[in-house]
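Single chain ahead, written as structure tokens, the form predicted alone.
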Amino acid sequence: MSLTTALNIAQSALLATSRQTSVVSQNVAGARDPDHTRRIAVVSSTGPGARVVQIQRATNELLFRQNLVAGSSHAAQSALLNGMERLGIAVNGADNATAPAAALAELQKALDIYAANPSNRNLAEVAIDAARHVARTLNAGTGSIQSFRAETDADIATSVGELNDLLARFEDVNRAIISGTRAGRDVSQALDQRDGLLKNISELVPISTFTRGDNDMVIMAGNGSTLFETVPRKVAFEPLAGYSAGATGNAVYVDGVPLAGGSGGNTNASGKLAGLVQLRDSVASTMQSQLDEVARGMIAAFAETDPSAVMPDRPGLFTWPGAPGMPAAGALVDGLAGVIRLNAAFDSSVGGNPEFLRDGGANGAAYISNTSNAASYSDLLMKYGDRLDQPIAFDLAAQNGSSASVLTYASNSIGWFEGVRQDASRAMEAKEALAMRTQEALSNATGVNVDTEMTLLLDLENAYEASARILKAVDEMLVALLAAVR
């Protein structure tokens, strides 16, 4: 081997070691960055010597896609569970203390006490207060649900804004990758940024991707629409100014295609946006429908009836804007829980007579049950109590059964909500664990192990010293050669 050849080998080894050391340093610096993918400097023999021919990223496409899917599913489940926790507290309170079922139980208790001593007007006032509380609880529940839907609408709008921002940033990074790939530059850092953006985007909407020439990437949304191809596609949403019972919120459109919400406590939705849509249009709306059915049941249970069965039934203790008509039996009336009121005819604070509850007659003489005006008359009070326990027909659209007493229906409504919430909680644990495991598997396959990098750094140091010794030996030989020829 000539001295020139030995010198070239040592120089190329030093250059390769320098490049490898730089790559190791980048890996160590990015060890704590979850989006950093380990780089590997590929060394090739070039005879004589060696050089770094390219920088490879330790990617694993299958694990990366699994991680995107798991993260998207977890984001939807998290949005659903967190929303249900807030909705449950807003409507039913801690330990269901403010649920309509609790207010109904208090009314039934007040009725029983009043029926045992019907001559006591104070007990009549207590029963009226309990009825007023029932109406206010239903009104407040409706207000809380509609406020929650409006807040969820605002969350959807915020998330859509975040998604459009992420897509705009994705365009910049994707463009840098394409130009860098065409120019033959190392685009590893930009690829890391693009992977990080994909993770963030998938947390909002489920995605799939494919890569074209020059590392150009196309993103498809879970609903089959194109989310990004060369440029971001439009993601549009118009929030409503406010919500009323039965109102349907606007859809999120990805390139003109609506994004569907999920269903079930263990939601089949993917992405935060689908979870929020499910909360707004399914969970909260169903809860509202059940409140409306409870309100209809209360109007029916306390309706005044003509003892001679000639006149039609009329709203009694509880009334609504459709009075003197009665809500149709077995049919959901959207928003009824928000407009049900204590009948002013029973309310002494506005000039009413609370003893209509004992005697009847709020709708006129034809509806008086205690025709003898006996102070000990309690038949009507007991009748009301019995009606609260008698099954009536409910609309199946409220998803809480078709037949039950109004008291049972109100309790079942809590059970329905808690059942869905518990399903959501269990599913949340499973999906969170899956997301963590896929992230861990991806990190093990593509992440940085500092111990491994430091070991490699020591090897590179030894290689550097060996190359330096070759240079020194060649230098000494050249000096000796020059000394010999002088």
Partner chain sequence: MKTTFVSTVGSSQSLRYQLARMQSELVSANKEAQTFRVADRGLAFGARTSQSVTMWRDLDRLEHIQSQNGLVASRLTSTQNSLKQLEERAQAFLSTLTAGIGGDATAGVTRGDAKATLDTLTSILNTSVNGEYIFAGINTDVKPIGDYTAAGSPAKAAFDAAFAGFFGFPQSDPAAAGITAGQMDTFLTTVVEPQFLGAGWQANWSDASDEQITSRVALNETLKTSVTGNIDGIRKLAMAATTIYDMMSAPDMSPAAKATMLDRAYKMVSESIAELTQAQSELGVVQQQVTKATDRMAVQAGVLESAIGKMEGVDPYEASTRVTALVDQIELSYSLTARLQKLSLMKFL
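Residue numbers count along the first chain shown, from 1. Small disclaimer: the values here were computed from a predicted structure and weren't measured.
From this point on, the text means the form predicted in complex with its partner chain, which you will not see here.
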Partner-free chain; cross-checking its partner chain in the predicted bound form, the single residue of Thr305, Asn82, Asn200, Gln108 with a heavy atom within 4.5 Å is Gln108
Could you spot which one of Glu238, Asp386, Asp214, Asp165 gets a heavy atom to within 4.5 Å of its partner chain in the predicted bound form? Asp386
One stretch from 278-286, 314-322, 327-335, 88-96 that, in the predicted bound form, holds residues within 4.5 Å of its partner chain by heavy atom: 88-96
With the partner left out of view, is Gly351 within 4.5 angstroms of its partner chain in the predicted bound form by any non-hydrogen atom? no
Using 4.5 Å between non-hydrogen atoms, is Arg38 touching its partner chain in the predicted bound form? yes
I'd like to check something about Asn373: if you look in the predicted bound form, is any of its heavy atoms closer than or equal to 4.5 Å to a heavy atom of its partner chain? yes
Going by a heavy atom distance of 4.5 Å, is Leu460 a contact of its partner chain in the predicted bound form? no
Near its partner chain in the predicted bound form, with a heavy atom at 4.5 Å or closer, the residues from 110-127 are Asp112, Ile113, Ala115, Ala116, Asn117, Ser119
